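Here's a solo chain for you in structure tokens, the form predicted on its own.
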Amino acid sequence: MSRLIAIVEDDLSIRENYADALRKQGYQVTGYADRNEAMRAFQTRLPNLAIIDIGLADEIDGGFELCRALRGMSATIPIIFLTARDSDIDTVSGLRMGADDYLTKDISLPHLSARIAALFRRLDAAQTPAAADDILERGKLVVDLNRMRVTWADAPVDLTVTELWIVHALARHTGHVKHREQLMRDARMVVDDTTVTSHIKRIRRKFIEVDSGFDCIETVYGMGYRWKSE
């Protein structure tokens, strides 16, 4: 069965343009004009990936509210913001709410398709890893790729697919500095430096929520990040 992509966009022509392009690539696509319509559908069936605009009908930040609600329903559904708003504040806000990617509407359809395919590849890789790499253990950290589950001192840490791969990329070689480009490659991301920084901040916050003393992710200024031994 082909994957189901939900497009939440209040402009009918834009919504249909994206939907037609994605259907030609074999995806099922459903479109929604506003947050309430999308939520009613998500409560019946969750999509395999959601593309969300921020401004929806008369709700300036309706997409942010929808992302927060959808992330509350699933920690692993890939979410992409596709919006005309290109400020750093909006980008950081979107990623902090759990989006996996943040794109502006000047992106070409082939580029959007490539980003969607990349997210699905990461999801597939997490669900069907090589047997030898199923479990990564580093002190209190356990990354179970087979179950897409991360725990810290036996407490679950609710990470998105993107965040899980970042943690895996960092912790796999404890003490090694990962440049942002290396981290993007290892974590199967195609994003900019600001996006990586936002993901790291969000990951730290999630670990600190389960352990206030967590400090295993070190920023190496001018270089990147590394996972420290406890």
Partner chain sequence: MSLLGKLHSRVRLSIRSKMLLVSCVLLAIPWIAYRYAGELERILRENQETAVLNTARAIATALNDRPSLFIATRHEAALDGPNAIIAYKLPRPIALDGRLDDWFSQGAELRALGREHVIEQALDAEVAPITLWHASGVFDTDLYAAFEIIDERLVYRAATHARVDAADHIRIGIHTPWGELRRYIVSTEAPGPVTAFQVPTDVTGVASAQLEPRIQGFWQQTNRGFNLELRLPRALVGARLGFAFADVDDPDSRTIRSIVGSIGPEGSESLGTATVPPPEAAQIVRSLARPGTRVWIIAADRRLVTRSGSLRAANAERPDAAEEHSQGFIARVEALLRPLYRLVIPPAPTLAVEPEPYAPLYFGSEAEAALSGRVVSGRRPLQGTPIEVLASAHPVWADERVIGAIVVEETTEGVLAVRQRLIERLLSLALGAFFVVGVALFGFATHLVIRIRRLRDEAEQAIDSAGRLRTVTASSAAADEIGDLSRSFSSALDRLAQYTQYLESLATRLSHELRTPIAVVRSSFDNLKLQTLPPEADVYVARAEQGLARLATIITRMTEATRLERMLRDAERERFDVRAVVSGCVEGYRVAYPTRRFDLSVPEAPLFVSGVPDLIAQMLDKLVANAVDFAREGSAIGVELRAAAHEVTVTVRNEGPLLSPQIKQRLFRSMTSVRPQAPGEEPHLGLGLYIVQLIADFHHAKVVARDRTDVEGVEVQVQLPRLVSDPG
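Keep in mind that what you see is a predicted model, and the values were worked out from it rather than measured. Positions refer to the first chain, counted from 1.
There is another form of this protein, the form predicted together with its partner chain, and it is not shown here; the text below is about that form.
Proximity of Gln182 to its partner chain in the predicted bound form: non-hydrogen atoms within 4.5 Å are absent; the residue sits far from the partner.
With a 4.5 Å cutoff on heavy atoms, Asp106 counts as touching its partner chain in the predicted bound form. For the chain shown alone, Ala84 is a contact residue for its partner chain in the predicted bound form, at least one non-hydrogen atom being within 4.5 angstroms. Though the partner is left out of this view, Thr197 does reach within 4.5 Å of its partner chain in the predicted bound form, counting heavy atoms only. With the partner omitted here, the stretch from 68 to 76, 143 to 151, 106 to 114, 93 to 101 that lies within 4.5 Å of its partner chain by heavy atoms in the predicted bound form is 106 to 114. Taking its partner chain as it sits in the predicted bound form, the stretch 2 to 19 comes within 4.5 angstroms of it through a non-hydrogen atom at Asp11, Ser13, Ile14, Asn17, Tyr18. Look at Arg204 and Phe64: in the predicted bound form their Cα atoms move 3 Å or more farther apart than in this form. Annotation: Ile77/Lys178 CA-CA distance longer in the predicted bound form than in the displayed model, change of at least 3 Å.
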